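Just one chain is shown here, as structure tokens, and it is the form predicted on its own.
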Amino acid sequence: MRKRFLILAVLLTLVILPACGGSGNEEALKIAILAPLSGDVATFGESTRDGALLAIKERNAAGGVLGRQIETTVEDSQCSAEAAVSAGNKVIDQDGVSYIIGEVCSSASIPLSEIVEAKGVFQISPTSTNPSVTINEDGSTKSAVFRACFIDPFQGTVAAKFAQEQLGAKTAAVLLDQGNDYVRGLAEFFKEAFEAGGGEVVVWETYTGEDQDFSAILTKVKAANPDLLYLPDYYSTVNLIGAQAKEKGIEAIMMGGDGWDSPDLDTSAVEGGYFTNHYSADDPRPEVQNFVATYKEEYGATPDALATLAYDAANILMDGMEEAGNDDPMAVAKAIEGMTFDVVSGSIAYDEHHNPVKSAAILQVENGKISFIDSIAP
């Protein structure tokens, strides 16, 4: 009887040890990807998802992070505050996720960041450029919220500087969705920089995200005859405004921000226009060309800036985990604060507000194609 008991005890030990293993290496690390996979900017979400998943696939193939594989959860956060909050609570409370890549839109990332802060979770947005994503209302920096993109003050300043110095623009019309944090922020920073450089904003008109007919405000633009028409909105709205501006015979050079970057941008509607962006597939750097080739092989398409920044965000997060030596979100955040990264979108380090210091690309829409024009450093 005693012999049978000893044998049973040994068998139980052999079963229990692998499950409880001292290192815990068998347990996967969980990362959630929150992006708009439906709605007006679904291409943004698809690119973001694909870029992040590619980075994680590569890392898993190389042995994972901290000797553990990465397990992903993807949620459609719809580029809206309500959906992002719901998705954030779901992945944290139900799925047990401690790391979030997302959201894409600032209006969704800002409320998501408040949940993340309250629950001690790490967030890195690939593309949300509004300063409030990483900064609290009192001006303090959110402890574990980062981004992979430059912010609107820099993007707006670069656009204004390029418009004045390279395009010779002295007057500008600015059209914006007042209810969109990203659009409003970019418009305001462009206006501030343009006027500081001696330019004059002769038209400043707002619309809502539901508007389809822009004839009234475009009539004002036509009458003012500005050198530049600044459209800092997402591609779906820019397509409408650009086409209607062309129909009215408005000859101002159009310019916008990274929200233009989509395969669904109507190039005929913004022909001759320019936009600021985070990278160009034409950049000859090896990091860019290797990534473009790998992405094309995986998905059969050229990666846009959304895919690139999501790829970068995932790698920044995973490198931070390795540097921290554990998967505690606060330790990972502290590690990233002191690191520099050579990623596809450039060499970056983080400032005191968890914003990357990096260059911006200027792209032009010409003859139905998008070409790299210049790279402007901070």
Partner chain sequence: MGKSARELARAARVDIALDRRDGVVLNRLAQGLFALLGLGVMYVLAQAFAESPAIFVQQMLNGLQLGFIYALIALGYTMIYGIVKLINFAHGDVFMVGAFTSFYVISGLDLHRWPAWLWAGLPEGVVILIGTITVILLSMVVSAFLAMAMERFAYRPLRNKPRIAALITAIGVSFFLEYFGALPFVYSNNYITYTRPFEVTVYTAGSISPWAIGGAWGLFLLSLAGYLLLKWRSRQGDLRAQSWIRHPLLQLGLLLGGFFSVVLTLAGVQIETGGEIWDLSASNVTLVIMGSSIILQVILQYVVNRTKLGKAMRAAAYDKDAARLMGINVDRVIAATFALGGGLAGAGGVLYATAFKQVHHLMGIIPGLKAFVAAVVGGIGSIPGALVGSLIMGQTEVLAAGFISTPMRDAIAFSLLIVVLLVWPQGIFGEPPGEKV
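Positions refer to the first chain, counted from 1. Between two forms, the rigid core is defined as the largest C-alpha subset superposing within 1.5 Å. Just so it is clear, the structure is predicted and the values come from calculations on it, not from any experiment.
The next section is about a form of this same protein that is not shown, the form predicted in complex with the partner chain.
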Distance check, K220 to the partner chain in the predicted complex, heavy atom within 4.5 Å: yes
Contact test in the predicted complex: S268 vs the partner chain, heavy atoms, 4.5 Å: yes
N239 within 4.5 Å of the partner chain in the predicted complex, heavy atoms: yes
4.5 angstroms heavy atom contact with the partner chain in the predicted complex for T171: no
One residue of E297, D95, D264, E165 in contact with the partner chain, assessed in the predicted complex (non-hydrogen atom, 4.5 angstroms): D264
Sole residue of V202, A301, A281, A243 within 4.5 Å of the partner chain in the predicted complex, by heavy atom: A243
Segment assignment from 301-309, 205-213, 100-108, 72-80: heavy atom within 4.5 Å of the partner chain in the predicted complex: 205-213
Stretch 139-174: residues contacting the partner chain in the predicted complex, 4.5 Å heavy atom cut-off: none
Core-aligned C-alpha movement of K248 between the shown form and the other one reaching 2 Å: yes
After fitting the core, N89 CA displacement of 2 Å or more between the shown form and the other one: no
